[in-house]
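Take a look at this single chain in structure tokens; it is the form predicted on its own.
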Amino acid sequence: MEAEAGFDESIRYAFQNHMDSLNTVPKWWREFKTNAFDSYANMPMPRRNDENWRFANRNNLSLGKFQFDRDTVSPNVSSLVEKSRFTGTQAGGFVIADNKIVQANRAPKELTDQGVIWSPLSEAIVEHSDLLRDYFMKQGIDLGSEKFAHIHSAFVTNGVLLYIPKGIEVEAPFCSYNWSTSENGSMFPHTLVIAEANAKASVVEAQLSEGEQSVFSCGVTHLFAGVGSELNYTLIQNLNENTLGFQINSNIAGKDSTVSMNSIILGCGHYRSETHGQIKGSGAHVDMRSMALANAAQEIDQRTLQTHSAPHTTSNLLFKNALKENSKSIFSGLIKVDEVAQQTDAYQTNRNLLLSNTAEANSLPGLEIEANDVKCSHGATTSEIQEEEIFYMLARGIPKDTAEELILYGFFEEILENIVDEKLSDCTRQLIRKKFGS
């Protein structure tokens, strides 16, 4: 097939260089990447009549200016490592700069002896090839960013693989820090977590910028929760506002499992997040929570899907956005309940707080119910800070800017209270405070 009209051939040359650098990878990995690139090249960019892109700004999605085959490592490695300490403790951690591992804290021997795998993707491709082949990018991408998922698959070189065997519980989090440092560079964070039956683990991922350079970031996170397992995932996205960012999340929850996904969104000029909660086993529960603070002309575009395909399952989605200046948010969410998923209990809530008269919030919640014995609801609210609230604090000697900040923290507390690591919680609040300008 011919490439899409307007396709930048420099990306094809970059892909050829990328493939030439893969000397020791399995044959299936090379074929997987080649097929992914062909799909990317032949798939059109999102169009005006695409429902999954309703209200979204489709300008500036061209990737021609970004470099995909740059082989650089930041000269400030020690500084990046020092800044990559968001949690009090960790079971293992990787610091990745411009798709290169710059620090590797492996899992302790007591965990690896029990079969725990904590590996950078570049190593896992060779050392755990069969496991990756079974799980890597196996979920359908169906919320609008299929083209960008394909370019992620074509160029991804690093990320993390976490495998927790049956019955193993790990209390301390596994941490992945992904840094962007190069002008017009690209980064492809990837997090793959596989928890076998009755396993327990938590993962913290951070996507961060060193400087104000223009960058393309396209991340993917997939969580697989086996029978009775428990997974907790937190993403902190604080890329600079010159970044074009995509994040594609999904989870598969097996019987009696619990999955919690938390997102703290602060950065990117244009950021699109897609999250698909797949509740496939009876008794499973999935929480999907997100908070976004945007200013200037940032656009935060969020698309979600909660799919219930087994009986006696529950899910709860809460997305909160606070918007300053000329920023814009889009939330489009759907709860889908299959015919067999009787006694589903699912909720979806989007709340927006406008901090200026020029900010814009768009909400499109929805339900698609095929079962007849369910309890499902959805709702969206958009409001401004009430004058009475400000007056109450002014009357007690609290300056207006401080009053607005306190109201903002109260608005986000439902999300922040779910960050159980004390240091990570403090770090998140500091980032919000810096973003708010205090």
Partner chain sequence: MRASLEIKNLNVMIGDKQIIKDFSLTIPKSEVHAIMGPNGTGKSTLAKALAGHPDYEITSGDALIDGESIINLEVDERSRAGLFLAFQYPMEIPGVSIANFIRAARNARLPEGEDLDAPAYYKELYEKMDRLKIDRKFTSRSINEGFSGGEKKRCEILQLAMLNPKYAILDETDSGLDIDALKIVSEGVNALRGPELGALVITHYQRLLDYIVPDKVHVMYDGRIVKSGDKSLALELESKGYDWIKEIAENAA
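This one's a predicted model, so the numbers in the text were calculated from it and none came from an experiment. Numbering follows the first chain given and starts at 1.
What follows is about the form predicted in complex with the partner chain, which we do not show.
- Note that among 376-384, 398-406, 50-58, 23-31, the stretch whose heavy atoms approach the partner chain to within 4.5 Å in the predicted bound form is 398-406.
- In the predicted bound form, the partner chain sits within 4.5 Å of a heavy atom belonging to E389.
- Within this chain, I369 is remote from the site of the partner chain in the predicted bound form, having no heavy atom within 4.5 Å.
- Put simply, D38 is far from the partner chain in the predicted bound form: not one heavy atom of it is within 4.5 Å.
- When the partner chain is considered in the predicted bound form, P44 lies well away from it, no heavy atom lying within 4.5 Å.
- Candidate site formed by L394, G410 and E413: every one of these residues places a non-hydrogen atom within 4.5 angstroms of the partner chain in the predicted bound form.
- Of all the residues from 88-120, none has a non-hydrogen atom no more than 4.5 Å from the partner chain in the predicted bound form.
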